[in-house]
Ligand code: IVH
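Only one chain is shown below, in structure tokens, and it's the form predicted on its own.
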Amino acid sequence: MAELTSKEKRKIQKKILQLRAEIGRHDRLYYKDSQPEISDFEYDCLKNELLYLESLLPEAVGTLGVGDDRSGNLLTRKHYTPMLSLENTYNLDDVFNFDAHIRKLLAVEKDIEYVIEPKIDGLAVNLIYEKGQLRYALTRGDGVEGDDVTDNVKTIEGLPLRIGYVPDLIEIRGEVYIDYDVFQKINMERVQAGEAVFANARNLASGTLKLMDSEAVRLRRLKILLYGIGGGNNFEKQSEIYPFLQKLGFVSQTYYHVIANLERIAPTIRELDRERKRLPYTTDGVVFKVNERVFQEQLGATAKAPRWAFAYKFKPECAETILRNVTFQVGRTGIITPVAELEPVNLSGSCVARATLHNADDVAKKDIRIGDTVIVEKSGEIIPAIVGVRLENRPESGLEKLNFPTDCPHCGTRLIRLPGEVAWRCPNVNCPEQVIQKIIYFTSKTAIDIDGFGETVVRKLVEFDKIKTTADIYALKREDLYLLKNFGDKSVNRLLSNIERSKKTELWRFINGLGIPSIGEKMAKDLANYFHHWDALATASVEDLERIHGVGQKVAQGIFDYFRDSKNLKLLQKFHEIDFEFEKITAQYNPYFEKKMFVLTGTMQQFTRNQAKALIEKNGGSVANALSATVDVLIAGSHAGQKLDAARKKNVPVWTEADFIEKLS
């Protein structure tokens, strides 16, 4: 390579300084604020560009370090042994180069044994146990010291605060994460409340662990998976650590492979890539660890990363398409949500034609314009998201900037933005679309659950002016339902019967269906158990409400205000005239279910999925969406598929529907 000229060196030096500043800004957004603006892939590309430029100009080489997640708001403590990050790549060839480099450093000809496991996209933590007692829980921080998040980590259900016979001091390391379903539910509630959403589950877990209120942390239902040991590690092999941790009572990694043949690397990566779709947490790659501890000690570490471990990261599944339009949806609380209408594109095996843009700030920040070529990515492998715009494809003449509406697209009312909120909302509670969305939610399976009362039925009945509020459902007449398309005697009788049946329901369903700000399914259950009737809830003071586990001042004030709003009082008066018979939730702790975690799969003959879930919860158990080390029983109906195979492979007990019924009795 020809020697660089002075002008070329100055140009490279300038670009290096720019990249360092940009990477530093993204480090702060990712590690400290838990609000990254770019994807991991884009971030890694910036770092690789910097490393390449520094290789051209050795005198300009700096150190990137391991990042620093210390918030500045919490006490910090030192790790007993450094908590380093991992070198990573998106190129499979680099994995084979890593193996060749390891064998060269160790001066061995034979194949090296590796442990390969999923790379969890959570927040790394270090648990320090002294004489078996959990003393501290620290974040990675700068690798030398981290934030003390002990009180918040102690809220994680199932984490042992005391363990059996171990060395006087042991550091146990892993990742704190949030389940997909909890992540989606929290984001949905934030959208309804007009608050900014979390970009992904990792950001939510990270932000939650740094909260100053441990009770608020408990409500987020963090989880933890342990996979490593720092100080106090006397094992001969890395693969011995996982069963040891499980024996101590920890949820440890079970999706790992031990290989000693390089030909198994690519097939193992493909297998873990398939398996990660079924895991409850986000994974963004796989980690290779030299299995022999004596080799790990010989290899040692750089200032940033161990030489004996390496991460291969999956490239995010993304696609380019054209933004055809942006429509603006009105939710049941009046919040306006922009939705990107896309030229259909195949992504992760499904056809994507729409993506949520969340709010006005999101639209402005991305500067997305109709007609743009946009990059669509599956966020958390579930939700389509627009992560960028191909500005080079934008016509030279430009495209018209997208303006957020000032008036409601359905009723024309001037939109408002409440202090401290990111969302614009329609303040007209009689807005036709708000009415429709409120009724759809009220009749859904997470509320009153009226089978057959779907969106099409709701829209038609509102259009025919037969219902204007949720309470009007119970005043519907037979002749009103005959107006619906394809509704004959059988359909009308069934729907009327389902409406009548819904009057006998659990109180929490009614409370949840009212749409009180910040109240979701879990909070509705807590309120129902505390007050026993909605009249008592309606007359409760802010102080009364704050006595309930998990209800803070803001939520209590919102509930109090709801029951004193004149429009809501008119609706509640209508409900007073309906003969509801509320069932109180009473958990009848059954030894077969108490404190056990279940997963449901296949089709049951006598229960719907929601009915089975309710019975499990009523008997003291809980239900997860995916198999993990915390699952105690898989309940398999007919046509059970991969979950049943996986349960048998992992020796998870399996119940048939007949077993389930027998245990209930």
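The numbering used is simple: start at 1 and walk along the sequence shown. Since this is a predicted model, take the numbers as computed values, not measurements.
FYI, the form predicted together with 2-(butylsulfanyl)adenosine isn't displayed, but the following is about it.
Chemist: Can you tell me whether E175 touches 2-(butylsulfanyl)adenosine? I mean in the predicted complex, with a 4.5 angstroms heavy atom cut-off.
Modeler: Output for E175 is yes: heavy atoms within 4.5 Å of 2-(butylsulfanyl)adenosine.
Chemist: Would you please decide whether L86 lies within 4.5 angstroms of 2-(butylsulfanyl)adenosine in the predicted complex, comparing each non-hydrogen atom pair?
Modeler: L86: contacts 2-(butylsulfanyl)adenosine in the predicted complex.
Chemist: Could you confirm whether A201 comes within 4.5 Å of 2-(butylsulfanyl)adenosine in the predicted complex, counting heavy atoms only?
Modeler: Judged by the heavy-atom cut-off of 4.5 Å, A201 is well away from 2-(butylsulfanyl)adenosine in the predicted complex.
Chemist: Looking in the predicted complex, any heavy atom of E117 within 4.5 Å of 2-(butylsulfanyl)adenosine?
Modeler: Answer yes; at least one heavy atom of E117 falls within 4.5 Å of 2-(butylsulfanyl)adenosine in the predicted complex.
Chemist: Spot the stretch among 418-426, 436-444, 287-295, 210-218 with residues whose non-hydrogen atoms come within 4.5 Å of 2-(butylsulfanyl)adenosine in the predicted complex.
Modeler: In short, 287-295.
Chemist: Work out which of P338, P306, G388, P316 lies within 4.5 Å of 2-(butylsulfanyl)adenosine in the predicted complex, going by heavy atoms.
Modeler: It is P306.
Chemist: With 2-(butylsulfanyl)adenosine left out of view, choose which of Y227, Y136, Y312, Y562 has a non-hydrogen atom within 4.5 angstroms of it in the predicted complex.
Modeler: By the 4.5 Å criterion, the partner-contacting residue is Y227.
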